[in-house]
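Given next, in structure tokens, is a single chain: the form predicted alone.
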Amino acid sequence: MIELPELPEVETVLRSLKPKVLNRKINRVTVINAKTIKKPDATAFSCCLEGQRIRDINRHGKYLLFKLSSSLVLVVHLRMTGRLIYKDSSVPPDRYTCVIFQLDEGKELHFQDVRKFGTMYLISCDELDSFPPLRILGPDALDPQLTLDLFIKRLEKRHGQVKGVLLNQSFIAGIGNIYANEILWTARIHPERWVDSLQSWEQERLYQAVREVLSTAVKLRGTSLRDYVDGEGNPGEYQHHRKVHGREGKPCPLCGHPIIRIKQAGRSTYYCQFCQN
């Protein structure tokens, strides 16, 4: 089962890397798979990064933002199987390594990607607000400024089935298939419900479920079903606490009836037909 890293996984990567790479100097960059680099070209990418220091790491939705010393930002999206692994320079790269960032003090940051769908962009700080992949994103799903009132206002402007809305990154950023399924079970809302059918108390319950499920997953360092590990190569633990995702035929933790799996827009949706309505 391959799932795209979502907000909890990306946040965990950030938290595991930040204390290790903050203020580290990038001495050299080796691009093994040029397709990973989307802007600028691979040669310019390497040249521009050499000599930079990593001043901060932030996140918006599923994007990692490395702020560098000369007003540059390295934007990274892990996609399906991307990994950022911090290691000693004595450890050789594996066959899936696409980019190597050689840091000072004999350390390296390796970007590994089995499927090679991950992307990197190097842009100026001034470009960040107008950068197309970020500009289309809604508020981060765990942003403190995403209040209940703002969530409901944004929800009321949406049309379609509630699960599809949760997956739409322009609504709120960071939720993917795993956590959409878990959020809807927690909120007791059927995934095929139309958003305009939700009562005010259901809208509030959905908001609280978003916060609860994602916060719990971050505390448990994300979900490792196959490829995902944090910046030190350690798996997450949320997979042991899933209520519905990937549990077709197993008993619902609340009522004991079997979990159902259906397809929505080509993705597997898991839910309890008795608890979610």
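Predicted model only: the values in this text are computed from it and were never measured. Don't overthink the numbering: it's just position in the shown sequence, from 1.
Although it is not shown, the form predicted together with the DNA is what the next lines describe.
Contact annotation: the DNA lies within 4.5 Å of heavy atoms from the stretch 175 to 183 in the predicted complex, the single such stretch among 100 to 108, 201 to 209, 175 to 183, 83 to 91. At a distance threshold of 4.5 angstroms between non-hydrogen atoms, K18 is out of contact with the DNA in the predicted complex.
When the DNA is considered in the predicted complex, R154 lies well away from it, no heavy atom lying within 4.5 Å. Using a 4.5 angstroms limit between non-hydrogen atoms, C275 is distant from the DNA in the predicted complex. For H190, no non-hydrogen atom is located within 4.5 Å of the DNA in the predicted complex, even though that partner is not displayed. Residue Y63 is the only one of F45, F66, Y63, Y238 with a heavy atom lying within 4.5 Å of the DNA in the predicted complex. Taking the DNA as positioned in the predicted complex, the residues of 72 to 98 that bring a heavy atom within 4.5 Å of it are, in sequence order, H77, R79, M80, R95, Y96.
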